[in-house]
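In structure tokens, one chain follows: the form predicted on its own.
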């Protein structure tokens, strides 16, 4: 039977990162904070088009132990980075960044590698006028890296709530959604400008603003959120995540190209964003055919068709989940939900062209093994797929996917079950 990747408890994660801190940086941290990875139920490549998406926070989290410093230096160590060459006992390499010298990617002050994420958060918060100290930070995580489950945003958001805590910024209160939205915006700037990854804001919003037992309906046009109850267990269902182990990269130009085409298509249509088009379709003031006929470029037509129909699929799935919550998600409602997931994958594969052989096989094999619906999730070009399955058959579906990968000569996939968890917070 295929093993499911477990999530660490808060106590386990805190103990691990405290031990790393003591070994690599010395002494005790001021505290430990954690932020979740996320899986997107539906609404892919809509966030940078002012659209709608429906992510949920994973129980799998990134943990940071952080201590404020009296200077403007950041010292950083990660359990996910190789041990320092020749270091006694395999001690992890400690990176050092001058926070006053941090600058956008591609410039003279660019930060190399993973430290760009935490250093970028400090840079963005300072740019917003917040008193951010220097810091020592140790990072450890059970969010799968490169799986399209937002491991980078989990680092950013864990560091954001940690800096909020030691700096007394007052933005990360558990019920302060406005403050958390400001932290999320700083994390987006860190990823876009300092790390150089042109992502939208869904990942950071999910990590900082989700609630346990809910999916987060995020309207990226204004940053507003609605908590959608999401209790699959009550209906005997589970959301199986398949990490295909296919390399997942967002900084190789593919993601940026999709964003550029969407922006050029919006300009050609004379609208601020493709959300305007999606809303016009929903209102019945135009048709998809009329919109596409106004675009001469076939690439633009295909990208626009995905974005506007994906926004509609988000609305439709929210309607299904709201009308058939919890144990009521059966029969026709379950079939509708599954069909929306299937339709999303087809659109991403054919019109947006961000799937790959491993993702397509994961989806096909899961459906053949009894999944009610399946789709790739995340930015694409590798990463993960999700399958809506009967909880009792989750292991059986995972086994079927694993056998299909072996027959195709692909790397062995990994699996986890996505249970909607809470947002970034102090844990010790």
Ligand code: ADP
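Quick caveat: nothing in here was measured; it's all calculated off a predicted structure. Residue numbers count along the first chain shown, from 1.
Beyond the structure shown, there is the form predicted together with ligand ADP, which is absent from this document and is the topic of what follows.
Student: Choose from 272-280, 111-119, 253-261, 168-176 the stretch whose residues reach within 4.5 Å of ligand ADP in the model of the complex, heavy atoms counted.
Tutor: Result for this chain: 111-119.
Student: Tell me, yes or no, whether residue 321 is in contact with ligand ADP in the model of the complex, where a contact means a heavy atom of each within 4.5 Å.
Tutor: Residue-level check for residue 321: no, no contact with ligand ADP.
Student: Residue-level question: is residue 150 within 4.5 Å of ligand ADP in the model of the complex, judged on heavy atoms?
Tutor: Yes.
Student: Quick one: does residue 353 come within 4.5 Å of ligand ADP in the model of the complex, counting heavy atoms only?
Tutor: It does not: once ligand ADP is placed as it appears in the model of the complex, residue 353 has no heavy atom within 4.5 Å of it.
Student: With heavy atoms only and a cut-off of 4.5 Å, decide whether residue 78 touches ligand ADP in the model of the complex.
Tutor: Output for residue 78 is yes: heavy atoms within 4.5 Å of ligand ADP.
Student: Quick one: from 133, 104, 338, 146, grab the residue that has a heavy atom within 4.5 Å of ligand ADP in the model of the complex.
Tutor: Filtering the options by heavy-atom distance leaves 146.
Student: Since exactly one of 317, 139, 329, 246 fits, which has a heavy atom within 4.5 Å of ligand ADP in the model of the complex?
Tutor: None of the other options qualify; the answer is 139.
Student: Counting only heavy atoms, which residues in 181-206 are within 4.5 Å of ligand ADP in the model of the complex?
Tutor: Going through 181-206 in order - heavy atoms within 4.5 Å of ligand ADP in the model of the complex - there is one hit, 191.
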